[in-house]
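One chain comes next, on its own, written as structure tokens: the form predicted on its own.
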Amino acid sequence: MHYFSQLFHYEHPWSHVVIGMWHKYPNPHCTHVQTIDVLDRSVDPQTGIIRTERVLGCKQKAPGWIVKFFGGSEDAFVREISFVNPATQEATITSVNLSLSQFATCYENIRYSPTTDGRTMFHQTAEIQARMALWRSAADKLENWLVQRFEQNAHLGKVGFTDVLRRLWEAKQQQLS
């Protein structure tokens, strides 16, 4: 099993970042995310917590050995569940791959929370595990490739989301002027 973790701050208040969450895709930095389908959205009447379940459709160029060994295609799907709690100003997103999950799983957790200086803390973790105990060397290769791909996509996600937030709030400022 391999792990990935990063922590940084967005230079926007929590409320802006949460609004931006719904505008993150598509963006020119994360072209691998092709589709976003909302399966369910509900608001708990007691707590006000908003729960959203989505499926993201991605296109990833996989190395030839992975396609040859596991089959499949460039199309991949990810299930994402988010909870936005306006009372505590906490937003969490969990996701797991649906495609090729019989061979490897990637569990991702994201948390957005406000800081005392008006920014938003972003904490992301991922747990990546190949499910091929008999072929440990192939499993290690697959996990290493998945971690590298996850890190690349996480970097693109950060750059893309920063750009989305900047564009959203520049447009809002122009409307107010």
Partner chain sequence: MANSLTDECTPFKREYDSCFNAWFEGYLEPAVAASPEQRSKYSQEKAAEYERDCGKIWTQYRECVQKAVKDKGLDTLLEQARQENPLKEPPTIPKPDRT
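From a predicted model like this one, the values you see are computed outputs, not experimental measurements. Residue numbers count along the first chain shown, from 1.
One more form of this protein exists, namely the form predicted together with its partner chain; it is left out here, but the text below deals with it.
Engineer: Closest heavy atom of residue 167 to its partner chain in the predicted complex, within 4.5 Å or not?
Structural biologist: Contact with its partner chain, no.
Engineer: Even though its partner chain is not shown here, does residue 15 get within 4.5 Å of it in the predicted complex, heavy atoms only?
Structural biologist: Yes, residue 15 lies within 4.5 Å of its partner chain in the predicted complex.
Engineer: Looking in the predicted complex, any heavy atom of residue 148 within 4.5 Å of its partner chain?
Structural biologist: Output for residue 148 is no: heavy atoms all beyond 4.5 Å of its partner chain.
Engineer: Please tell me whether any heavy atom belonging to residue 41 falls inside 4.5 Å of a heavy atom of its partner chain, as the geometry stands in the predicted complex.
Structural biologist: Contact with its partner chain, yes.
Engineer: Looking at 144, 31, 109, 60, which has any heavy atom no more than 4.5 Å from its partner chain in the predicted complex?
Structural biologist: Selected option: 109.
Engineer: Do any residues of 74-92 have a non-hydrogen atom within 4.5 angstroms of its partner chain in the predicted complex? If so, which ones, in sequence order?
Structural biologist: Those in contact are 77, 79, 81, 83, 84, 86, 87, 89, 90, 92.
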